[in-house]
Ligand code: BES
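Just the one chain here, laid out as structure tokens, in the form predicted alone.
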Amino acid sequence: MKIIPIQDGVDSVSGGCKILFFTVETVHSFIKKNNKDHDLVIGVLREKIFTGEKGKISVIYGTHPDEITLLAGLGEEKHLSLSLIRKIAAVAAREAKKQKKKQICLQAIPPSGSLIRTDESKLIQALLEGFILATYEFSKYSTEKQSLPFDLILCNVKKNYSSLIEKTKILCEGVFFARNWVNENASLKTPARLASEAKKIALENKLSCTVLDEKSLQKSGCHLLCAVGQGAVHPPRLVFIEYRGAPSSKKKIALVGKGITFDSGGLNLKTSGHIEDMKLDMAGAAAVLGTLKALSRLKIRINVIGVMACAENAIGSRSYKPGDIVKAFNGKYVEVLNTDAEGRLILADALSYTEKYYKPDMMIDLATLTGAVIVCLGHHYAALLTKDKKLEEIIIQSAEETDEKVWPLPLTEPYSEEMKSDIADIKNISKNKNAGTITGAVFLSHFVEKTRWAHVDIAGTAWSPDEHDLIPKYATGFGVRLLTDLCSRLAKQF
């Protein structure tokens, strides 16, 4: 998609699909300023076919030859927000794509109502993010013709926003990268393939990349990660990709992603209705890799270690078994009561290994860890669990800024009691089924000793059963914009 910013209004461009945004209030002011009785747009507004109601779209044909005008409602000005602009831009983008025009002309939204004091650059970025993210499609395996490519003309732009436009495109490309990998066939995204992709990105962006194969993992003592992957034909990998955006600084953070390339549940086999979408279980790793790709292109001044714990939780003659006790990298013994609680096992080794050898100042892990988080928060919020209130606060700030929302859950002592084992140091599931998201985080906390750490459970936000706003059906790419924004904020603090 080529994006062309111009200072003139949409009327200066002929042909294609034109998108005009209205609040309820600007509908009335537009009618007063324009008295052209023959104008179809004015007619639609006067007849109250379109009133600027939030989320409503009206398509007007025949305004000019080969031209379509699309009116998008933002609702009342007092309720305007960057989040709303992002979502309405996405709704408009989907409708515009249906028109199959080679050119789409988008009206940049001037500061208005509650956004009067908002930096125009934030408005432009929110508008473009919503629009671009909604144009995503995964059509690799479809024989139907893909959507036609088009140029996007951004009108009413007062300044030169070329760098902002490029930044927004890079962010969205990072999201698309994560979406594509999560949507891909599990048979084509083995742990080794993910490791190869990390090496490729490292080479393209002059980053360093280290991959531990199954022999190195066994030798180093990552027995939990090895146990999860030992039943599969495709052995596990632990991948480290390092971005040094601030080489003069000793500060660094680690982003750790769960990369279960397919989760059968192991010998605790998942049933039909639950197993079909389990190629999504590497969404955390995909988001981390997409973030590292974006960070390196944006040249954000911070040092980041991207960590991907990759394994296929399959069934085979060598599969680990319920009741097994396995020694973790940090020396603790884990009683495996359920082989379908495997994500926390591979993350346990990844977190403790990263802490020991890379010594980051903080770690944030991103994982499709529990189905319980969907029961708790649905598909709109990820769960955030940490004992570090300052880290919690800055993650929430990034979540609000990017619309990749998180909701804090308690990580307190009473839940720790439920994870104690009678015959080992810790067990991988609680005896009861309550608070599964919290007990999953409690388990992980046993593998972080001194480092500031937060856990984000994205099981409900990484995959969407339906298309809405800027979220496509299936893989969402959740976490790329959140983590990139978080790194930008931390760069200013370090």
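The numbering used is simple: start at 1 and walk along the sequence shown. This is a predicted model, so every value here is computed, not measured.
Another form exists, predicted in complex with this ligand; not displayed. Remarks below refer to it.
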| query | finding |
| --- | --- |
| Contact check for K270, R344 and T370 against this ligand in the model of the complex, heavy atom at 4.5 Å | yes |
| Listed residue that, although this ligand is not shown, lies within 4.5 Å of it in the model of the complex (heavy atoms), from L154, I165, L84, L280 | L280 |
| One residue of L207, A246, L411, I374 in contact with this ligand, assessed in the model of the complex (non-hydrogen atom, 4.5 angstroms) | I374 |
| Candidate stretches 227 to 235, 68 to 76, 280 to 288, 213 to 221 - the one whose heavy atoms come within 4.5 Å of this ligand in the model of the complex | 280 to 288 |
| This ligand contact in the model of the complex: D340, any heavy atom under 4.5 Å | yes |
| Partner proximity in the model of the complex: I429 to this ligand, non-hydrogen atom cutoff 4.5 Å | yes |
| Close approach of A459 to this ligand in the model of the complex, 4.5 Å, heavy atom | yes |
| Non-hydrogen atom contact D263 with this ligand in the model of the complex at 4.5 angstroms | yes |
